[in-house]
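Here we start with a single chain on its own, the form predicted on its own, put down as structure tokens.
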Amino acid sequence: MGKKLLLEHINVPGIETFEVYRKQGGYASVEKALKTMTPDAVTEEVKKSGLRGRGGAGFPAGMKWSFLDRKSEKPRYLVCNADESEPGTFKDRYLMEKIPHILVEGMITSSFALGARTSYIYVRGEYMYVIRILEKAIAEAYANGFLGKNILGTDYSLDLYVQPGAGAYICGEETALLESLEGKRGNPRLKPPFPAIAGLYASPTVVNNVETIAAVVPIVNMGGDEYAKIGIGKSTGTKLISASGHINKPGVYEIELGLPVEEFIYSDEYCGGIWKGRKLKACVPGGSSVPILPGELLLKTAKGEQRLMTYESLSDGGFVSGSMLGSGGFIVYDETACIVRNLWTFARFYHHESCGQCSPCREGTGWMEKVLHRIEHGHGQASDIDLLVDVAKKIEGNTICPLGDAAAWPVASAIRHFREEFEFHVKHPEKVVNPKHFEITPFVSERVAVIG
């Protein structure tokens, strides 16, 4: 069984309360940091740990912290990005709901390292019940001297606030989040300047994901070098995976990075295999914005090497034969899944969530949705397939924020790997009118094999 750092005490009754969390060693990282370490020393431990951002980009967290403008006379801020809106991703909600104090503890320790005296947790609007849980945990931390003035008798003070969003996916992009937090429309900003120089209220700001901030707790407790021993290569530590789709045991799993993908899908410890005894057709391994992979390229790379649950292994082969670990939204599809219908669902989402600031994204996401609707509902033409590829290319790399890329990559990869399926929809419209067409008669590809 893999090592658990964040979910170790998940099944302890009452772990959501301060009293029980404290008995399990909670807030030890705050005591250690404030009483025995300097802010720079905490940052150095995060650097040594090799922790990479767990929200999707995978950028080294310690390096991101080091970019913060510490010479500025303006106040510094730490903002937690809890605007978890990526389809297929629900790990942060689970962590905040079940163990809210680990996030509060991580915010205090991280804020100390960054020299922030005011910090925020920005939560997606649909998570209102989670917001109530966080507010209760923060109130308990204040009542027990871990928030407020002179924490634990030191000269460090911190105020922590929870701010609900309004249900906009675009606010998961850090500069759009900051705009929303300032009370403005959540549109991404042009960069530079980057948030580390001019973020919240034009002041030096670090924005990190929920899981990233929670991971600071075990890093400080055990030391960065010990944390780095977990995992493999540059993919250190543990990672929360949101597993869903056609598997026997959907849920949130904490894995040691380096776990073979095949073991994660088929072992009883994790997903428990494909449901109903069916075969593996495809998988989106990192949330809806990453390229989809057919089963054979999910379990092994194009070079025939075992695919691992790491940033490097999942991206091996680039977008031609690889994907991304992303946010860890692991969506599995069996042989009855329709790739075209799934892609149309994703396209509807991105069209709806585009902020409209950049015309390639504003117009292009709508075009892709319309063309995919046409193909899926039996009205497509052969030229529509290449039209989708062309529109995706026009969007990718031509927008202020990555939402355009997030909309384009699934389209390009689905056609790259499952073009036959799109052609089948065009050639046999009468067979795809029923939304459950491949549940009735699974599509058999001459190029892509199902696994099982």
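All residue numbers refer to positions in the sequence shown, first residue = 1. In this text the structure is predicted, and so the values were computed from the model without any measurement.
Although not depicted, the form predicted together with a small molecule is the subject of the following passage.
Asker: Which residue among P39, G56, G26, P410 has a heavy atom within 4.5 angstroms of the small molecule in the predicted complex?
Answerer: Residue within 4.5 Å of the partner: G56.
Asker: Name the single residue among Y270, W367, Y333, Y169 that comes within 4.5 Å of the small molecule in the predicted complex, judging by heavy atoms.
Answerer: It is Y169.
Asker: Does E105 reach the small molecule in the predicted complex if we count a contact as any heavy atom within 4.5 Å?
Answerer: E105: no contact with the small molecule in the predicted complex.
Asker: Report yes if any heavy atom of V207 sits within 4.5 Å of a heavy atom of the small molecule in the predicted complex; otherwise report no.
Answerer: V207: yes, in contact with the small molecule in the predicted complex.
Asker: Any chance N81 has a heavy atom within 4.5 Å of the small molecule in the predicted complex?
Answerer: Output for N81 is yes: heavy atoms within 4.5 Å of the small molecule.
Asker: According to a 4.5 angstroms non-hydrogen atom cut-off, is H417 in contact with the small molecule in the predicted complex?
Answerer: No, no contact at 4.5 Å.
Asker: Looking at heavy atoms inside 4.5 Å, which stretch does the small molecule contact in the predicted complex, given the options 142-150, 232-240, 171-179, 129-137?
Answerer: Careful reading of the contacts points to 171-179.
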